[in-house]
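First structure 1, then structure 2: two forms of the same chain, each alone, as structure tokens.
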Structure 1
């Protein structure tokens, strides 16, 4: 095991009665890395964190911290800190006492405690709240206090369980940036749990996407976004979600065609037939992201604009093509109207083809150039 590895999980499984909360999970997190566990509610993210922290015993598998097997080590000896999803702050203590808690129980000298508390408060912009009672704070301050409390004890590993979920949207974005800055500055190793794909993609060095207790895919945000391993990851990551059309792939005059029960879609004009051969005739789901298609006059697919949405600095056209509806990004100022007929072209390099039965990715990109 390389010394860069701070934490390593090896085939960890945890059951609660019949529920397999965590199912044979393995991963490593490197020093100074921000690693995210991303997945829908109930997929086992919190349980995974609690196992690493030692608050939950795995039924199977081992946990290593800095190369030492800590599977049986009590939580308080692991030097791992966890910022909880809720209830982060002691209500009966002031912000100062909250941050100082972990130092006081270690009986550090008063002056040193004071210095560390004030430093942490500075970093998390809590200096003006130090005398507030924990229970009187707003949620975003509470979360910051919780983070400060963990930072002062200088853990080997900082675990964050959806720390921004309860914070209102405006503050969330700023805190996300702050968190990233702090993580970079202090070179803290962090495992960040979230069900917000955007948050995971923005913050992380690496992301593990979880589903029903398993890790489905692990990689950099770019890998996860550009090269999802299956339909679940493809649709879970990205907003608006990937466009999907079901059908059977066929080749007609060297054009790749997706045949649905009543229609034929020409997906691309040219195909490298040798890649495709094995897929022909099988039931597939074809997906492409809204930014990987364009509206243009020489497009091969024709449809009608049903709805125009404005999202930040772009427009999303909801285009009805035969029975399917797809979403395509266009410029904010592009002059489209609802009901208008348009043609779109999908970037054949960015086509994802999944097996319908299993959701498994079969192919990405049907043509070179």
Structure 2
């Protein structure tokens, strides 16, 4: 096993009665990497983390940490640090004592403990709470204390299960940035479980998207976002979600056309690919991201603006095109109104074509627009 590999799962399966929570998954996590397990509730991501931690035993497969087979090793011997959604803060101890707990166990000098505790408290906005008892804290503060307690011991492997779920929105945004910075500075290997796709994309070096106990796609955030392997990934990752239009691919005068029940849209003016030829007549779903379309006078799709949303520094136009509704980003100051007729043009190189029946990706991009 490469010295770069900190964690390796090999064909791991975990069952609870008749339910297969984790279904034959394999992956590696590299030294200094922030690796996220992303997926909806019940997909198996937390069970996978618990298997790595030693809190669950796999029914099949092996788990390796730093090249050592730890499949049967007790959790206390694995030398990993955990922050779970159901965090544990000692209610009778002060925040200072909670954060310092692991450092005292390691018998570090008092001055060093004090320095590390105060640095962590500053980062996690806990400085004013250091003398509070853990039992007096709100949920947001308790979760930050649990994270700080792990970070100060500078673990080689840090496992985090939805650690920011209960943190206030404003603090959560800062903590995302701080977690990334701390992870980089300490070169800590982190495995991060979340259902929040924005969080996974912002924090991670690589992401494994899970569904029904399986990893359906693994790659960098850019790969997951720009080139989803199937409809599930395409619609789960992205906010707002990918626009989807159902129809049938046909060829008209050497042009690739998507035909829907109420209109048709020319996807490409030239058809040269044997792959495209093989898709003709297929029922498909064509997808494109809101940022991959423009409102333009020379657009070929015409619709009506039904709703306008303001999201940070942009607007999202919800445009009704016959029976379909698509979303397109525009400039914040762009003078659009609800009820306005508009035309849009989609970047043909950013089109994703999925098989309707199976959801699998058939093609990304077409020859020309």
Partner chain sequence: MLRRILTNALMWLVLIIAVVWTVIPVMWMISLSFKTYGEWRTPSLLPRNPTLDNYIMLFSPQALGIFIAYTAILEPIVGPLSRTLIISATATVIAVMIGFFTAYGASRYNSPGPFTLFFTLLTRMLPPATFVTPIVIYFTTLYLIDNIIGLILLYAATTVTYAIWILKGFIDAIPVEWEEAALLEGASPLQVLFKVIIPIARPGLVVAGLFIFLMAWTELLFALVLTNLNVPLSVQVSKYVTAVGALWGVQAAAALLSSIIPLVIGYLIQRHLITGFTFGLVRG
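From a predicted model like this one, the values you see are computed outputs, not experimental measurements. C-alpha atoms forming the largest set that superposes within 1.5 Å between two forms make up the rigid core. Residue numbers count along the first chain shown, from 1.
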**Report entry** Number of the structure representing the form predicted in complex with its partner chain
**Finding:** 1
Requested in this report: Please say whether, between structure 1 and structure 2, the C-alpha of residue 297 moves by 2 Å or more once the core is aligned.
Outcome: no
**Report entry** Core-aligned CA displacement of residue 74 at least 2 Å between structure 1 and structure 2
**Finding:** no
Requested in this report: Compare the position of the CA of residue 154 between structure 1 and structure 2 after a rigid core fit and state whether the shift reaches 2 Å.
Outcome: yes
Query - residue 102: CA movement between structure 1 and structure 2 [superposed on rigid core, Å] - result: 3.5
